[in-house]
Structures are given as C-alpha cells and as structure tokens.
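Before any questions on how it binds or moves, here is one chain, the form predicted on its own, in structure tokens.
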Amino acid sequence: MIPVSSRASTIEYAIRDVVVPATKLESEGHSIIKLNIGDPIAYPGLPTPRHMVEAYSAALLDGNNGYSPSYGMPDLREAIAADESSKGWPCSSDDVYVCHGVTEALQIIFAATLEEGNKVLAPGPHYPPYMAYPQMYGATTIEYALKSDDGWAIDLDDIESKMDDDVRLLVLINPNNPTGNVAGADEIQKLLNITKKWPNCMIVADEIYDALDFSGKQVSVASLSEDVPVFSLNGVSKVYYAPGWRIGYLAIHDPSGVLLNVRDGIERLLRSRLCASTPAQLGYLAGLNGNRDWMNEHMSKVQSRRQLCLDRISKIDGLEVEAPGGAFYMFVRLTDEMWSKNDKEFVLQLLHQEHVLVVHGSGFSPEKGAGHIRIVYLADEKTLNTAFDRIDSFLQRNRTAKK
C-alpha cells in the first residue's frame, strides 16, 4: 500500500465530514434537514442577486472566460480597494489580491509567512482551516480562548500569555465562525496593542461576515492599526450570497512598510497558480458596483430566523446559547450530562434518529468547542421549527431512556 502523506491524513473538516453519514441516509431514501453548512443560497429566500448572476452569465456568453491577471482583474481590484477604503483605511488596488475564496487566501498567507517552528494564534473555537493548514508549512496553531460565558468575547489575557517571538500570525475572525461573536473597537485596539510588542507578528483579519453584523460593533481591523501589519480577508461568499463562485481576496495594510518581502512572496505564489475564475470576478464586480439595497431584505430575513432560533432554544431543556452578534451561526451548549461530554455522538444520534444534521462543536476545537453544536440558522421558519421540534423530542426521549 502506497503511504499517504501525514499532512493529508491528519486533516479534518468537521463541517463536511458529517455529510458522509447524512449522504448514506439519503441514499437509503431519508430526507435530511441540513443545518450544517454555511451556504446561504442552500436555503430559500436568500438568492444571489440577479444583477450579479447576469454579469457572470454575460461574461460566459461574451467569451470572457480566459485567464485573467494573477493578482485579480484591475477593475475588480479597484472596486475592492474602494470598498475597503470606505471602512476607514487607505487601501489601494495594489494592496488587493484576488483568490479562490478566503480559503486560498489563507493558504497563500501561510505559505508566504510561516516556517518550521512558527506559531499561529487562532481563536478557539475557530474555522477548521486555521488548525489544518499551518501544519503544512511546519508551523503549529495555538488556540486562544473565547469566553463562553461572556458572549464569546476575546480573552485578551490568554492571548498575551501565549505571545512569543515564534508567533507570526494572530487571527481574528470577526464576526466569528462558529460562535457569531463580534469584537468591537475597544477589543480590537487592545489586540493591536498586544501585537505591536512583537515586531514579527502580523494580524489576519477574517472579515468575510462583516456586513452580517447585528451588534453595531463590527469594525475593520486595518482601520484601527497605525503600525501593526494586517491582512484583511473578505469575498463574495457570505455577504453577497455567492459561495460557490469561490472568489475572495486578501488586502494588505502595511502602515510601517515591513511587508515588502512578504508581499513579493505572495505575488510569486499567486503567479504560480495562474488566476481566479474570470467570469466569477466579473460577477463580484457587479455586486460591488451595483445597488446594495437588496441586502436589507436579505438581512431582515436572517435576523428574523435568528430570533426564531433564540426563542426556540430558550424553551428546550438541554440547550443554552449565547446570542450571536453576527454571521449566521449559533454555537449551542449541550447541558444534558449525557451529551455535554460527547457532542459528536449527539450529532450522529440526532442525525440517525431524527434526520437533522448539525455540526459537533469539538470539530471547531477539541477542547474549547466540546459540549456544543453549531447550527446554521438560515433555513425557512417552517423548517427551523420542524428541526427544533425534532431536537426537543430527541433530547426528551434520550433523557427518559437514560433514566
């Protein structure tokens, strides 16, 4: 048997891993309520805006589907720079690099900045690639704590205690996936104050959910940084409701001019993988340049579904949740002793007994996510109510069975 590489064999992606048993059940004729994946257009009433789809389609029909520049199409880079500048920092088109989604942007950043023995500080719980990818470059990911009993706020003392000369990247996901917490200006400023004590450390600001903010606190990290280098990450997937297009970007804020060599490395890596999808870039461009009033209707639906979930969870014995300030996830605590130490088994049993699919919290952090489940709350109200009816029945039945 030819061996697999250790870097591949150890990677886990809980969000999609749980789909494997769900697919088997579907093949046997069962219908599954899927609340596991953060794909907004998988749910009714939240389509990709028509003018963006038409721009993508027109690009194909007009033959605009050849290779484009490795760093992104110039018009798109200009539009992204203008959008980032509107958030409070002087972003130019030369600071913007278009990628195959934020996931590729992360791989590019890790490849350009990490060496053997380096560390990445990322929130726990966190989006799985922050744990999976750094190891490919000889680095390790160290989790810093989010306060589960305080709206999942950042534990700044924990960050400070874990900073050292080997930390190259400090990650802030804002709003956070999977918890939905939103860090405000005060928290971010304190984070920057800690980071600037370590001159070789850069901040990765994953702001892919920035316009899905219900708290009014969300702010661009780059807009607050006067000296710390920041990689701002965003794209078309969540706020523009087009995840399958796989268009994201990294924008470099380098106020002290220390990233010249890193930028060169990023550009070399981008040239070596050719380019992002040309038609999808043109679709995103239409979204950035077009009217954004449609976002209000989408946002209203998301907020309504969020409130429904909060109301239902508050009435189910065995579940608790910190109300999320942004994104479209709820990180729900399992309070029954039977499940609080075995969240993955809860997910698998719920799937098999009630045909409802969620994600185990330990898949986002074996330590800091354990005892939780992540729910995507974008389904229509009827589907959400059915899902919570089944979750409630599952908890009651298994509680009774245990007794």
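Quick note: we count residues from 1 along the sequence shown, nothing fancier. Treat the numbers as computed from the prediction; the structure is a model and nothing was measured.
If you look for the form predicted in complex with a small molecule, you will not find it shown, but the lines that follow are about it.
No member of the trio Leu146, Thr179 and Val182 reaches the small molecule in the model of the complex with any non-hydrogen atom inside 4.5 Å.
Residue Ile208 is the only one of Val228, Leu191, Leu250, Ile208 with a heavy atom lying within 4.5 Å of the small molecule in the model of the complex. Though the small molecule is absent from this view, in the model of the complex it lies within 4.5 Å of a heavy atom of just one residue from Ser215, Gln135, Gln303, Thr103, which is Thr103. Heavy atoms within 4.5 Å of the small molecule in the model of the complex are found in one stretch of 310-318, 233-241, 264-272, 87-95, which is 233-241. In the model of the complex, Trp152 stays away from the small molecule, with no heavy atom inside 4.5 Å. Heavy atoms of Lys119 never reach within 4.5 Å of the small molecule in the model of the complex, leaving it off the interface.
Tyr71 falls outside the set of residues with a heavy atom inside 4.5 Å of the small molecule in the model of the complex.
At the 4.5 Å threshold, heavy atoms of Ile109 stay clear of the small molecule in the model of the complex, well away from it.
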